[in-house]
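Below sits a lone chain in structure tokens, taken as the form predicted on its own.
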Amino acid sequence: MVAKTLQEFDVELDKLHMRGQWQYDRLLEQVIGGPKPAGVPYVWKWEEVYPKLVEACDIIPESYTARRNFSFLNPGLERGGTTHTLLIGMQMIKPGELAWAHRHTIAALRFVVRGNERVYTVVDGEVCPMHAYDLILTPRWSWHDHHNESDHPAIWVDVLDLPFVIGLNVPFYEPYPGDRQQVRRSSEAEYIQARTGALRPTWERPKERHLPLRYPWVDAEAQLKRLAKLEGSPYDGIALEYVNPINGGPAMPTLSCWIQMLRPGEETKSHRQTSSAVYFVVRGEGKTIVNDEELEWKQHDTFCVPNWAWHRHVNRSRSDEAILFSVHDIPMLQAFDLYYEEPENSIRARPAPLVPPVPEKSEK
């Protein structure tokens, strides 16, 4: 009897919906040294995106049947997404419009590009004003709808963990019974947001997750300026994380949100992480070098950095700072102890400032 070849044996196993471990061994040889980056680095230019948003207002005259949103799709990913876990896009609603209420198990956030005091998102009945560069959270399975009661179009960046949730096959969606939520207008004392500051009711147990939060830009910008003279991170400059004010963790269980300043002429060191990231340029101009590719960016451009790709940032200007908003999938990886960084672990690597020592008594 002629012995079967290994290839013939593999075919027989495949017909029985089985696979030999030796096939995986051959695959493992391809990932020695770490994973291959999923997708490619790419920039979506504001000068190309904005005209299409304006055009969409004519093609889709009202936002009640379809949200006027563009998803930014990585040209190197077959199944969609901006990275393999994150999806970033941009949305516009016209004056007087409402983007209807719904909820889903996909975590989402809004970073405002153009807004004012009469543009707002309602999250679980709480009104979150949308001023330019404010960050608004819509946690998973929270009701949310968007309103523009102003005289000008409103634009914001959407970031979702949709590819991650779809990959786990746990997407749930539910429309609200009506186009808008009932708003808690009787008293803002009922808001969860009224309980996330430094002063909280002693008689209540705080809600720790799925918080309907708004992070005002005026506070973020002030903190960036306050810390601008520090050394900061050699890899990210003055990079600050929007944290959950109750437990000190990331803003959302799967998404870490950053705002970072690259000071005039600053060039960061190159590093790589098992996490991926999407960026929106608040202001300034520069470039991000990903492996050997240079991503040129300026105000309101959007770009992505795939996982395990060497990257560094450069602020071209010698007189003005550059500010980047970014979202990272770091919490997803940390939850499974799969977050790695080279050449060193730079996140929370240094202790906070020590208490000043007691001065020595001078000799008389």
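From 1 onward, residues are counted along the sequence shown. From a predicted model like this one, the values you see are computed outputs, not experimental measurements.
The same protein also has a form predicted together with 2,5-dihydroxybenzoic acid, omitted here; what follows describes it.
Novice: Heavy atoms, 4.5 Å, 2,5-dihydroxybenzoic acid in the predicted complex: which of 214-222, 101-109, 234-242, 261-269 makes the cut? Say which one.
Specialist: Result of the contact check: 101-109.
Novice: Candidate spot Q91, H144 and D158, all three in 4.5 Å heavy atom range of 2,5-dihydroxybenzoic acid in the predicted complex?
Specialist: The answer is yes; Q91, H144 and D158 each reach 2,5-dihydroxybenzoic acid.
Novice: In the predicted complex, does R67 come within 4.5 Å of 2,5-dihydroxybenzoic acid, counting heavy atoms only?
Specialist: Within the cut-off, so yes.
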